[in-house]
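Single chain ahead, by itself, as structure tokens, in the form predicted on its own.
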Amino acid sequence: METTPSPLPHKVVAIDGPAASGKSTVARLLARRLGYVYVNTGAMYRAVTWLALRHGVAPSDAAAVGALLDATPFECGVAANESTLRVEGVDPAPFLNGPEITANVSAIAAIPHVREVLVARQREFVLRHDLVMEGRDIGTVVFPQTRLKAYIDASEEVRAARRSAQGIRDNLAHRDKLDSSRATAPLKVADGAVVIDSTFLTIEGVVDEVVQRLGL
């Protein structure tokens, strides 16, 4: 029997979408405009990927990755209205966009125990802050009860060009398939979400569209 999610103590704008759709930049700018805290959940999964690779744990070994995560100090905080991370006392941010992380993050993100642990940490943010949170399962799993949901998409060609401009090598078609077909929390449009195609829009244009369509 399904249970109804509890009401949220603070506002949450859920921004979901595939890799390189522009959702991270949109979410950050939207949070600044609203005065909310910006939470990048993708960085959390990348941080676990970095942790596993740092310790020589294969991303395909779900049990070993889960055990490592359980045994590791994984601190989530807020500074300057943005989420922060410290893993084993280290800020992993400078290491999270490397090609090895990008190649393995979808495998890490598909591990049910990793998602269980990180979703619990993500939900802690709403106890103290109004949020703009972006990822792949925010409106479907993390905060399905929020009425403020947007799914940001773009053509594969445009997303590939954006990745290239960032100097990031990423097999988007492969990642899309992995993220959309995983058994746990697959990427999909949340019920009630507004869908915005950013292919021909500027970032500010997407932010304006989110604000208008969600009535923010």
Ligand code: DC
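None of these values were measured; they are calculated from a predicted model. So that there is no doubt, residue numbering starts at 1 and follows the sequence shown.
Heads up, the form predicted in complex with the ligand isn't pictured, but that's what we're talking about next.
- Contact with the ligand in the model of the complex, defined as any heavy atom within 4.5 Å, is confined among 69-77, 124-132, 106-114, 83-91 to 106-114.
- Contact annotation for residue 175: at least one heavy atom lies within 4.5 Å of the ligand in the model of the complex.
- Although the partner is absent here, residue 45 is a contact residue: one of its heavy atoms lies within 4.5 angstroms of the ligand in the model of the complex.
- In the model of the complex, residue 182 approaches the ligand with a heavy atom inside 4.5 Å.
- The ligand in the model of the complex comes within 4.5 Å of a heavy atom belonging to residue 163.
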